[in-house]
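Just one chain is shown here, as structure tokens, and it is the form predicted on its own.
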Amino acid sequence: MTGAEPQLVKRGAAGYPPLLAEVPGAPAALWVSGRTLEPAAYVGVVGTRRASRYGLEVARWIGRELAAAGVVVVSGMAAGIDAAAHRGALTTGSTVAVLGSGVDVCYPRSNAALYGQIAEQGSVVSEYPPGTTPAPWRFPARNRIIAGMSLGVVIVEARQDGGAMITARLALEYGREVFAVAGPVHASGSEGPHALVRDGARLVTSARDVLEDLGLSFPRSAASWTQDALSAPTPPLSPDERRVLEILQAEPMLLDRIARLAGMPASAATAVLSRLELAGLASRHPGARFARTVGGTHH
């Protein structure tokens, strides 16, 4: 891990999240590896393991923006949305991984590199002693820590019966804010967030929405690449570029379909898409598919 021994922090002691200490059934102590849990604004960002490209991009983007504003992003280091949120946060700030195993046990193993990075730049937390192996029942239990220590929780993509929905329900029980990101109506990962919105969760389209609702500032110096891109001088789009950009969606589309909708040969559409890529307005995906970049608008 980091070489430093994990520290056991008892409830009520310095380094134990004060919001978590107020929660019924909060752990009597936490094992912490990496950085000490300093007083800070913590916000959870969670979602499904079986995330779409759209969900992964949004989770990384929101994690990046929140961390840039000084928020510590909390998640469960699961594959999918959790890992993407951690990765985004690490590019601009700090993050906390709450594990369903001991702090010295990386799960899933595919997140080994991410686990090491969080241990160096952020904090790894668990209520279980070092050496504890993961077990299915430990993950729902750890979700109460994510919800309890956070001012609010953002659900990016989740199935209605998924673990992220457990975190959302716990957050509501604890009086925390619950935020949901809208997704494509046909996608299974949109079921959870859309259900939460129907039940009164706040629909959010960016980290700025989350920060404003929580009463946290969004300093201009910490703005994300999307705000920087919007404020930077950019050359005007050609009619062809504007037409193709209007066709692109958040979910990747086949080049042939884009060309057909734009009414131009595939070779011309490829050239236009390449220019939009360079401008940060489009992204290329496997299988000759392209998507609009999250936040990718042109003024």
Partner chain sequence: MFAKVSSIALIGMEARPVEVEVALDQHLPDFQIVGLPSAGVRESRQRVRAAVVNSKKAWPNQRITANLAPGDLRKEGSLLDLPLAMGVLAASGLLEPEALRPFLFLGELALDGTLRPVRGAIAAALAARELGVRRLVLPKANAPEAALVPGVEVSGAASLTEALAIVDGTVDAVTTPPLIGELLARAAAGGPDLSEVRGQALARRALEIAAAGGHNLLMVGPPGSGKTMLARRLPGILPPLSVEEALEVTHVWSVAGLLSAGESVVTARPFRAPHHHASAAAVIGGGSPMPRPGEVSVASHGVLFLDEVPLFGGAVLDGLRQPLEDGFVTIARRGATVRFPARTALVAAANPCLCGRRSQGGQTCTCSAGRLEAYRGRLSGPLLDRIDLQVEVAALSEEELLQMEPSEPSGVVRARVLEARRAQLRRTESLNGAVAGTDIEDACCLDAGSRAFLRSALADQYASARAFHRLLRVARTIADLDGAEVVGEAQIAEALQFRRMVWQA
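Residue numbers count along the first chain shown, from 1. Definition used throughout: the rigid core is the maximal C-alpha set that superposes within 1.5 Å between two forms. Predicted, not measured: the structure shown is a model, and the values here were computed from it.
The same protein has a further form, the form predicted together with its partner chain, not shown here; the description that follows concerns it.
| task | Report the stretch among 65 to 73, 257 to 265, 242 to 250, 24 to 32 that approaches its partner chain in the predicted bound form to within 4.5 Å, counting heavy atoms only. | result | In short, 257 to 265.
| message | Considering non-hydrogen atoms and a 4.5 Å limit, which listed residue (Ser188, Thr132, Gln121, Thr91) is close to its partner chain in the predicted bound form? | response | None of the other options qualify; the answer is Ser188.
| query | Do Arg289 and its partner chain come within 4.5 Å of each other in the predicted bound form, heavy atoms counted? | reply | Contact check for Arg289: yes, within 4.5 Å of its partner chain in the predicted bound form.
| task | Although its partner chain is absent from this view, report whether His285 comes within 4.5 Å of it in the predicted bound form, heavy atoms only. | result | Because a heavy atom of His285 falls inside 4.5 Å of its partner chain in the predicted bound form, the answer is yes.
| request: Classify Ala271 as contacting or not contacting its partner chain in the predicted bound form by the rule of any non-hydrogen atom within 4.5 angstroms, answering yes or no. | output: The answer is yes: Ala271 has a heavy atom within 4.5 Å of its partner chain.
| query | Is there a heavy atom of Leu278 no more than 4.5 Å from a heavy atom of its partner chain in the predicted bound form? | reply | The answer is yes: Leu278 has a heavy atom within 4.5 Å of its partner chain.
| said: Please tell me whether the candidate spot formed by Arg50, Arg53 and Arg109 is one where all three residues come within 4.5 Å of its partner chain in the predicted bound form (heavy atoms). | reply: Answer is yes for this spot.
| query | With the core lined up, does the C-alpha of Arg11 move 2 Å or more between the shown form and the other one? | reply | No, shifts by less than 2 Å.
| query | By the 2 angstroms cut-off, has the C-alpha of Ala21 moved between the shown form and the other one once the rigid core is superposed? | reply | After core superposition, the displacement of the Ala21 C-alpha between the shown form and the other one stays below 2 Å, so no.
| said: For a quick test of reading the superposition: does Ile258 move by 2 Å or more at the CA between the shown form and the other one, rigid core aligned? | reply: After core superposition, the displacement of the Ile258 C-alpha between the shown form and the other one reaches the 2 Å mark, so yes.
| task | Mind checking the CA-CA distance of Ala78 and Glu251 in the predicted bound form? It differs by 3 Å or more from this form, so is it closer or farther? | result | Ala78 and Glu251 sit farther apart in the predicted bound form.
| query | in the predicted bound form, do the Cα atoms of Leu261 and Ser190 sit closer or farther apart than here, given a shift of 3 Å or more? | reply | Farther apart, by at least 3 Å.
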